[in-house]
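Quick heads-up: it's one chain on its own, the form predicted alone, in C-alpha cells.
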C-alpha cells in the first residue's frame, strides 16, 4: 500500500467535501425547480388539467434548449451570470448556477414523463368524484408518480456527480479538479485513480439509496 503515500489525504478529503457540496446543493435546487417546471409542463399540455398552449410551447422550448447544450459549454456561457451571482467564476460555489441550470431541465422532463405515466383512469375517477384540479395534483398525480420521481432524483444525482467532475477540470474544485490538477497534470496516476474510485463510490451510494427508497414506495 506504499503507493497511497503519493496522495495528499487532506487535499483528497477537501475534494470529496467539495464534490458532495456541489452535488447536494445543486440537487436540492434542481429537484425544486425541476418538479415545478415538470408539473407546469404536464398540466398545461393539450387535454390536461390547465391547457395553455403558448405557456407549454415556450417552457417546452426552453427545457429542450437547455438540455441540448453540453454542460461544459453551459458552464462557460454562464460565467458572466455566475460572476454576478456568486462574485467569482472559480470554486465549488461558482459551479452551482451551471449545475442547477443543467440539471433542472433534465429533471423537469423526467417529472413530466413520470406524471404522464399515471393511469388516466385514476384521474378521470377523481374528477368524477368531484376532486378539484389541485386535489388531483396533490392527492393523485404526485403520490402515484412518487416512485418514478424518486428514481429520477437518483439518476439526476448521478449525472450531477459527473458534471461536478467536468466543472472541476476548469477550476470548480472537487474530485475532478484533484484528478486533473494533482493527478493527470503532474503525472501522478495514483491520485487520478483514487479520485475516480471515490467518484464511483459516491455514484453507487446515490444509486443504492434511490433504489432502496423506490423499492419501499413501489407497491406494485
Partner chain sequence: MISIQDVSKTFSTHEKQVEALKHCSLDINNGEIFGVIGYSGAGKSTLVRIINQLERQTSGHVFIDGVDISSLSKKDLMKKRMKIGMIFQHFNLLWSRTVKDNIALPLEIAKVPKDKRQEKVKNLIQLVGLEGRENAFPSELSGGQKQRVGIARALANDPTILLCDEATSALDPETTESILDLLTKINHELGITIVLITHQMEVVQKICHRIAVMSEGEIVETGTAKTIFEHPQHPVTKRFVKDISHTGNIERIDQELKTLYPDGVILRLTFDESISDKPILANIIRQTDLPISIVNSHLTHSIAGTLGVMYIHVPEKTTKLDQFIELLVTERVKVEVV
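Residue numbers count along the first chain shown, from 1. This structure is a prediction, so every number in the text was calculated from the model and none was measured.
The protein also exists as the form predicted in complex with its partner chain; that form is not presented, and the subsequent description refers to it.
At a distance threshold of 4.5 angstroms between non-hydrogen atoms, residue 83 is out of contact with its partner chain in the predicted bound form. In the predicted bound form, at least one heavy atom of residue 121 sits within 4.5 Å of its partner chain.
In the predicted bound form, its partner chain lies farther than 4.5 Å from every heavy atom of residue 87. When its partner chain is considered in the predicted bound form, residue 135 lines it closely, a heavy atom lying within 4.5 Å. Contact here is defined as any heavy atom lying within 4.5 Å of its partner chain in the predicted bound form, and by that definition each of 127, 140 and 217 is a contact residue. Only one of 113, 79, 131, 72 lies close to its partner chain in the predicted bound form, with a heavy atom inside 4.5 Å, and it is 131.
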